[in-house]
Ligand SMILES: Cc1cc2nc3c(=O)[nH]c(=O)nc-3n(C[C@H](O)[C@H](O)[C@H](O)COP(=O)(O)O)c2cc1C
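First, one chain by itself: the form predicted alone, in structure tokens.
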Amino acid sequence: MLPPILANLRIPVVASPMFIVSGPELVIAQCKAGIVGSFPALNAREKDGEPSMLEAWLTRITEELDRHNQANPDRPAAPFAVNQIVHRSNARLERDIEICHRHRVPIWITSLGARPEVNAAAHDCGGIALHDIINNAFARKAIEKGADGLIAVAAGAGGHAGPQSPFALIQEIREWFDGPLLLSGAIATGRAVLAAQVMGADLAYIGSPFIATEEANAQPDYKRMIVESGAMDIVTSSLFTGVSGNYLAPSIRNAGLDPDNLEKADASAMDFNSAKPKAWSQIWGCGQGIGAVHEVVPVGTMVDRLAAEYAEAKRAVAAM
């Protein structure tokens, strides 16, 4: 059974937090459209001596969604989530946890490490904790350490994607876990959202299609590349972060590299110290589902499409 905070969404979709791309504008639009919006805490970039950008973002999101709910009591916004990168190189983690706890963030998404103290902080302020995993072993560890739910990141997902088929990954997890389970990996249509549920997931976890929205904090060339690309344009490589991830081949070529002959990198190369410049800022992450994205539209328009496709898919299955 889903916790109440995830049970009354317009459609069963959580928008995944995307590096640089996910900011307040995107999150607010997603929540107003009826799906969970999210952003990585590290996207709120700061300089020494300046006020906390994360604090400002959380205040803005909370106040704007509150105003929306007061003006639209019959169509309230969905809750939002903040992603914490739980990796030893994230020097901001402890401080960002304190800020999110103080702002009573309702949904916490953790990545690259399961930490009991992060889950405890989420629970202490009334929130829930979802941990993203790429295999069954990591899933068990996450629940043992106090996560409330799991995000199964399967093959085809954007960014740090797992190597396993969603069929295998969901099947193994559902043999022992009956709590909240989200599926990520090439989900870009309402029909795919329903397929994720039929497979055993509770909700779909969607990222790449939202890059091609007006509210996304992405360069126009990035958005255009999403629209013009398909699954064959996605390359899997560990070179750019030290962990295997999926990227747009045209962006790799634009950086002067051959996407068919990329070196491998060790996981020790991963560094989430936000004070350091990003060596691969023009290498753009993306999942395999973008063949369904044909134009840059407002978030509301994209969610309307997903909702219509989801309803039609349910009708079609019922008629079988």
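All residue numbers refer to positions in the sequence shown, first residue = 1. Fair warning: this is a prediction, and the values are worked out from it, not measured in the lab.
Keep in mind that the form predicted in complex with the named molecule is missing from the display, and what follows is about it.
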(message) Check for me whether the named molecule, as it appears in the predicted bound form, comes within 4.5 angstroms of all of N119, L150 and P180 - heavy atoms only.
(response) no
(request) May I ask you to state whether W108 is within 4.5 Å of the named molecule in the predicted bound form, using heavy atom distances? (result) no
(request) Report yes if any heavy atom of I85 sits within 4.5 Å of a heavy atom of the named molecule in the predicted bound form; otherwise report no. (result) yes
(message) G245 versus the named molecule, in the predicted bound form: is there a non-hydrogen atom within 4.5 Å?
(response) no
(request) Give a yes or no for G285: in the predicted bound form, does one of its heavy atoms lie within 4.5 Å of a heavy atom belonging to the named molecule? (result) yes
(request) Could you tell me which stretch in 185 to 193, 92 to 100, 232 to 240, 67 to 75 has residues with non-hydrogen atoms within 4.5 Å of the named molecule in the predicted bound form? (result) 185 to 193
(request) Would you mind picking the one in G127, P79, P166, G207 that has a heavy atom within 4.5 Å of the named molecule in the predicted bound form? (result) G207
